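Shown here is one chain on its own, the form predicted on its own, set out as structure tokens.
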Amino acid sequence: MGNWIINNGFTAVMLVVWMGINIFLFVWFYLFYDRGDQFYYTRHLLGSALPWARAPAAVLNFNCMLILLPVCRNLLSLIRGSFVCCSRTMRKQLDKNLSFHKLVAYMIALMTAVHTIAHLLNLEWFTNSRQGVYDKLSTALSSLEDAGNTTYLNPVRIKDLDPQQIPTYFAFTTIAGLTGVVITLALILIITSSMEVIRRSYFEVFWYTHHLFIIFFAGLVFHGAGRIVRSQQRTDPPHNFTFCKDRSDEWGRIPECPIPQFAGGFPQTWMWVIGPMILYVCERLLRFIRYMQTVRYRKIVMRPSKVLELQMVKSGFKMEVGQYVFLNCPAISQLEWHPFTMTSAPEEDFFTVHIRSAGDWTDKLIDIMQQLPEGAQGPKMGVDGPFGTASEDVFDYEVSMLVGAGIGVTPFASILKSIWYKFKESNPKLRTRKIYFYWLCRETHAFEWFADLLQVLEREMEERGMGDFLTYKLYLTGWDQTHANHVMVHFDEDTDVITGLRQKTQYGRPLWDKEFEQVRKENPMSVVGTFLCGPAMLAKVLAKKCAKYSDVDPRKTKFYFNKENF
């Protein structure tokens, strides 16, 4: 349990606080509408569906306030920069921004479902009360005249329409009904298109439907303007419902029972969401400004395994290791922006991205670049960023484990290049004394574009007598018999047959228990940062290993897990 707390304790506290606020809001507003005297007559018409509709609405306001903040990447980068002097635990929470974004979205979906079902029941009971189906008091309350838009309680004002058609009429002719339909449809499309299978296979569908959030928030702001949930107002003389509820025939005829007055509550949703909406608009304006800045291609290289390397120059561009940018190519799409980790080092006067063929957008970009004449500039490219990631903290640890899978090696290319420059300049600020690097690939060609960097680092470390600084292991997870035979023939050579490196490529997957045990043994009393850029399944494995091999004793080894998120 103690090991788990080391890696997840603060995150658990944050989630408990978030859930606690949700529970508090739900219970508070449920009791407010279930016990409040001003809603006695409203509850008589609607029963318990009233608090079941209003309590989720309060939770929705809170979560709709939060949903945009985790995707305000410039804001997160600013906060990350302000936490440089703070603990790494605080900064780690920012790396889980998309996980929190999804969690908030799940809460919004759940509360929307409860809110919608409760209001469908409310509409049924409003309609029946208007038709005189229920008791005398319900009929009297539903028959109150609309004088100055204050005296009525039942928002269903139609009587001369087929009762079966009233809910549909209400849904498409009132502010609350129409905006509710639009909000619900937009949310359904956003959630369904966010499923992993769609996001991975049809990213463009995910990208475009996710922008329905604009319609969602517009409808949300105006939804409360319908004021269909109404409460009793104070009158002079006062209308005492405990005395007057059984005397509806005498309302307005005796001084003790004046006609009750009702009014809808002031819309509050806009007050919850206006701040995040303004922040997000500023975020998009900043993106537009960056898009308009000129980006010049320094070099365009087609690497093996359909990996495109772009070296670009942009005025005033400054980066840190492991950061990423969003790229937009108007020749392909004016609206689509895609994230790519930079493989260059901060010490270089340009920035580099490696783009693997992984969908329609990347395929089209690679096709465009392959058709360019030798030495020609590529199409206009918009660049937004850079944005911070977990890998920025790699030099805050004495010991780091870097794990990349496939193209997931890109942030570590930036880190290893930066280390090379720091050694070259004898940078005294480098506190990292040991790095373990693991790269898992399915095919041999994927190693080729990165092997040159590792060869340079090998030579640099040996020349400086620091051969133990970097331990790297390359794993090939896919091969055939022809390849295996070729490796066997050249097994006795000093360098690897695939990469040309002195460290031989290993076949299969790492035995993580063995690797973590070795790191712990070689680095007693050290804080080890474990960084992953790879699939979710591997993340779960490494997170468990970090918890398993961490020791609560401050004098022993601790592993902190960090994962790249886009």
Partner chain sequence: MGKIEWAMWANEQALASGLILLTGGIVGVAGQFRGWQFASYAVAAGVFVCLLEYPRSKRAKGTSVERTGQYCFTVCVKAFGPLTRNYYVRAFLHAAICVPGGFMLATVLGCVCLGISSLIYLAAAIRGEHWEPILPRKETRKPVAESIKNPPQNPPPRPPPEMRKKISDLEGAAYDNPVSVTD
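Here the structure is a predicted model, which is why all the values come from computation and not from measurement. Numbering follows the first chain given and starts at 1.
Not pictured, yet referred to below: the form predicted together with its partner chain.
Participant: Is the gap between V197 and its partner chain in the predicted bound form 4.5 Å or less for some heavy atom pair?
Facilitator: Because a heavy atom of V197 falls inside 4.5 Å of its partner chain in the predicted bound form, the answer is yes.
Participant: Taking any heavy atom pair closer than or equal to 4.5 Å as contact, tell me whether Q334 reaches its partner chain in the predicted bound form.
Facilitator: No.
Participant: Is Q131 one of the residues lying within 4.5 Å of its partner chain in the predicted bound form, judged by heavy atom distances?
Facilitator: Yes, Q131 lies within 4.5 Å of its partner chain in the predicted bound form.
Participant: May I ask you to check whether Y208 falls inside a 4.5 Å heavy atom distance of its partner chain in the predicted bound form?
Facilitator: Flag for Y208 set to yes.
Participant: Please state whether all three residues P51, T269 and I274 have a non-hydrogen atom within 4.5 angstroms of its partner chain in the predicted bound form.
Facilitator: Result no, not one residue of the spot touches its partner chain.
Participant: Looking at P258, P163, P304, P330 here, can you tell me which has any non-hydrogen atom within 4.5 angstroms of its partner chain in the predicted bound form?
Facilitator: None of the other options qualify; the answer is P163.
Participant: If you check L110, L98, I117, L372 against its partner chain in the predicted bound form, which one has a heavy atom within 4.5 Å?
Facilitator: None of the other options qualify; the answer is I117.
Participant: I need the one stretch from 233-241, 277-285, 358-366, 430-438 whose residues put non-hydrogen atoms within 4.5 angstroms of its partner chain in the predicted bound form.
Facilitator: Result of the contact check: 358-366.
Participant: What residues of 152-180, in sequence order, lie within 4.5 Å of its partner chain in the predicted bound form by heavy atom?
Facilitator: Contacting residues: P163, Q164, Q165, P167, T168, A171, F172.
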